[in-house]
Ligand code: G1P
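Coming up is one lone chain in structure tokens, specifically the form predicted on its own.
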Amino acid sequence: MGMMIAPVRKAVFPAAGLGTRFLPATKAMPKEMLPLVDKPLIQYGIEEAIASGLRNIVIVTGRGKTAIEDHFDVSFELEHLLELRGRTETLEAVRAISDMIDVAYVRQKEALGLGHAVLRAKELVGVESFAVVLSDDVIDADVPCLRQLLGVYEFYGASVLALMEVPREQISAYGVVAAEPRPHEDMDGRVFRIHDLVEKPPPDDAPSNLAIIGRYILTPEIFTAIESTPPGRNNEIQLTDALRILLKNRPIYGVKFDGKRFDAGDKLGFLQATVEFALKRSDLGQAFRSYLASLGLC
């Protein structure tokens, strides 16, 4: 391809939503801090970003933000206590969190949609391509989902969205794409060129069963597109609508990623993720499996 494609270094984590589906748990705490087994949701996404080579993290926060900031900060009292008690493994786990990333925070004062949240990161991102990760979507994959998207970005130098096939009756909960497959040597049948995007279409109007999931690689032109996106329902600026505007001047690709996605923004999805992640744990899996067996469920 000859041209140099600038590397992606930053990942933006919108974390200013109200988390109404998890009230009262989220009354005083952001939903991104709800624990899946023993780690907050947002940490799974951040570990995915690190495993994909992105160490600069921008978190767009709202109210109750101190919980997130404190989690990724150094906790001297806690580290000291763990050291005194000889709890070295726990100490390493706690230390690793604050060591592993450079993190910056920006406020989104009111929840005006995902597009608006991404726009808040403009100054911190600058004129470079960046990733967006929605912590609600926890993706268990051998190759991190973001890394799969980056492979396609590094080939085309264009924006790339994570896609997943969704049953027709659930499609109205998602942004949906009209797209055609593109041949790709490593990921045959999984790379798409996107022709149109629709936010939450009724099942009969959906252009396909390919839904956009919460992982994006975006080129910096997206900021201009968001700025010219009119607010939709509830006065929110939707990222899908901004991507439609971007699509007029720039190509956008999609990747049907390899991995299992859990919708941890939904109570049932959150419970499913908890069970499956617990079963995969070397320290818990066996005991938890026997417990489930004792309930006569499996």
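Each residue number is its position in the shown sequence, starting from 1. Quantities reported herein were computed from a predicted structural model and do not represent experimental measurements.
Below, we turn to the form predicted in complex with this ligand, even though it does not appear here.
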Touches this ligand in the predicted complex: G175 (any heavy atom, 4.5 Å): yes
Interface membership of G214, this ligand in the predicted complex, 4.5 Å heavy atom rule: yes
4.5 angstroms heavy atom contact with this ligand in the predicted complex for H195: no
Contact of H71 with this ligand in the predicted complex (heavy atom, 4.5 Å): no
Contact residue in the predicted complex, chosen from C145, L163, L114, L218 - any heavy atom within 4.5 Å of this ligand: L114
Single option in T61, Q43, Q238, S52 placed near this ligand in the predicted complex, where near means a heavy atom within 4.5 Å: Q238
Listed range touching this ligand, judged in the predicted complex by heavy atoms within 4.5 Å, from 86-94, 221-229, 100-108, 195-203: 195-203
Within 4.5 Å of this ligand in the predicted complex, all of L134, D137 and R261 (non-hydrogen atom): yes
